[in-house]
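Read the single chain below, which is given as structure tokens and is the form predicted alone.
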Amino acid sequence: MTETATAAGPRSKSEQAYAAVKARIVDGTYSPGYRLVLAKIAEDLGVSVVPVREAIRRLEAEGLVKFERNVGATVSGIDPTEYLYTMQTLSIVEGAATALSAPLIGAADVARARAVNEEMRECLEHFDPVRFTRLNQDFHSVLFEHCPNPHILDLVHRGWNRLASLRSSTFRFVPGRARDSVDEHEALLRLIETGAAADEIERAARLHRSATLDAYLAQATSTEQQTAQQ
């Protein structure tokens, strides 16, 4: 009994440390390149260094953390190739899921999605990219969760989870894209409300996702060119 309780304790603390550090990486508190000082994190979380070390190793296995010689553990940068592939895939499967969901989306669902979109519009005034990204997922969830094909829906969930692991609040890098995104959301809702053809809804949803990717890639290219010129 005592051994079981003792064994459960460290696992619980390790899980808590893992969740806390991962959340800070995902929301940008620990940005790419940030040095993860185990003792300081342990102090902040009120635990020993041991569970923090275990959490860091787990995050390293997930690709969120890397170890550098003479530096220690740091937050990994966002892999642009992985982001590209994830967004390309998500644009296809989410577009299909939204089109298949459309006939099953009722007036209450549309009202809920529109309310979330209005929160996103209000968020533009004092822009918070992390909150905006969370609301963005809430909005799209309303549109794709009714998808009757469980395999496509699983692929959509996997895509969103992969974006989270990439710390992809894209709007942090291209805040100007946020306003267009809100307008495109309303256009999508109108298509669904008016019973537009499935292929039209699929195309609108796919292009909506692709536009965000294009904006990110354009910004990344511009940043690289500016860096090269310095």
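Rigid core (definition): largest C-alpha set, two forms, superposition within 1.5 Å. Since this is a predicted model, take the numbers as computed values, not measurements. Numbering starts at 1 and runs along the sequence shown.
In what follows, reference is made to the form predicted together with another copy of the chain, a form of this protein that is not presented.
Counting only non-hydrogen atoms, which stretch in 111-119, 125-133, 138-146, 84-92 is within 4.5 Å of another copy of the chain in the model of the complex? Single hit among the candidates: 84-92.
Though only this chain appears here, would Ser14 touch another copy of the chain in the model of the complex if you measure heavy atom gaps against 4.5 Å? Result yes; Ser14 sits at the interface with another copy of the chain in the model of the complex.
Is Ala187 close enough to touch another copy of the chain in the model of the complex, meaning at least one heavy atom pair within 4.5 Å? Contact with another copy of the chain, no.
So, in the model of the complex, is Ala39 in contact with another copy of the chain at a 4.5 angstroms heavy atom limit? Ala39: no, not in contact with another copy of the chain in the model of the complex.
Contact flag, Arg158 vs another copy of the chain in the model of the complex, heavy atom cut 4.5 Å: Answer yes; at least one heavy atom of Arg158 falls within 4.5 Å of another copy of the chain in the model of the complex.
Residues in 54-77 close to another copy of the chain in the model of the complex, defined by a heavy atom within 4.5 Å, in order: If the 4.5 Å heavy-atom criterion is applied to another copy of the chain in the model of the complex, 54-77 yields Glu54, Arg57, Arg58, Ala61, Arg69.
If the two forms are fitted on the core, does Ala211 show a Cα displacement reaching 2 angstroms between this form and the one not shown? Where the cores coincide, Ala211 shows only a C-alpha shift between this form and the one not shown that is less than 2 Å.
Given that the CA-CA distance for Phe132 and Ala19 shifts by 3 Å or more in the model of the complex, does it become closer or farther? Relative to this form, farther apart in the model of the complex.
CA-CA separation of Ala17 and Phe132, closer or farther in the model of the complex than in the form shown [shift of 3 angstroms or more]: Relative to the displayed form, Phe132 and Ala17 move farther apart in the model of the complex - a change of at least 3 Å between their C-alphas.
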